[in-house]
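The chain below stands alone, shown as C-alpha cells; this is the form predicted alone.
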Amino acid sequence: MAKMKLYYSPASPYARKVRAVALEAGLTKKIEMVNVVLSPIAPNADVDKRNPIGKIPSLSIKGMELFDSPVICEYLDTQHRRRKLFPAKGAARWTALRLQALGDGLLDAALLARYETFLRPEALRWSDWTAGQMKKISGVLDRLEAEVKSLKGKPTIGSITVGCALGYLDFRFASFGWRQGRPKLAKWFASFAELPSMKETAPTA
C-alpha cells in the first residue's frame, strides 16, 4: 500500500478522530503526519490545493485526495486486517454511524461556539447564537447519557467520535461542566479516555 500523508492539527477534534482510527487500525507507520496551521480566517495554501473546502483533516493518497473525517476514517478502515471500526451490517453498523453523527453534531456546534467567542471580535459577538449552539451541545449530551449502553464494548467509529467530542469539550469548554447531571456518560468517558489511541491523540494548544 502506498504511503499516505495526513494534514492535521493537534488541536483539531476531527483530525483526532482520524489519528485515533489510524492507531486502532495499526496504520500509523504508513501515514506521514503533516502538522499545519490554519483557521477560518487564516487559510493554509498547502491544504487549499488539496481540499477545496480548505479544512483539515485532509488525506493524500496516490492519485486521490480525501477530506472530511467520516470519509477518511472509513477509507482507513478498509486498509487493515484488524477488527473493523465500521461494523459491516445490521444494528451494530447503524448504531456506530448514528453515534458518529451525534459526536460530529456536538463538535459542529462546539466549533461554531468557539469561533463566535474566540475568533470573532468582541463587539460583533452574538450571545444568542452562542447560546443556541450550547443548547445543541446539551441536547446531544443528554441523549448520550440516556443511551450510554450503546457506547460500551470495543471501540467503533461511533464511540471514537463521541470520545473525541467529549475530549474537545474538556479542552476548549472546561468551565461548561458537561459531566454535571450525566454520571453514566462521565464514567464511560473516564474509562474510554484511557485507551492508548485516546491518550496519544489528546489535544494540545
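We number the residues from 1 along the sequence you see. A quick note: this is a predicted structure, and the numbers were derived from the prediction, not measured.
Not pictured, yet referred to below: the form predicted together with benzoic acid (BEZ).
In the predicted complex, benzoic acid (BEZ) lies farther than 4.5 Å from every heavy atom of Arg179. When contacts are judged by a 4.5 Å heavy atom cut-off, Lys136 does not count as touching benzoic acid (BEZ) in the predicted complex. Contact check for Arg50: every heavy atom lies farther than 4.5 Å from benzoic acid (BEZ) in the predicted complex. Taking non-hydrogen atoms only, Ser197 never approaches benzoic acid (BEZ) to within 4.5 angstroms in the predicted complex. Just one listed stretch, out of 165 to 173, 23 to 31, 61 to 69, 147 to 155, contacts benzoic acid (BEZ) in the predicted complex at the 4.5 Å heavy atom level, and that stretch is 165 to 173. Using a 4.5 Å cut-off on any heavy atom, the residues of 10 to 31 that reach benzoic acid (BEZ) in the predicted complex are, in sequence order, Ala11, Ser12, Pro13.
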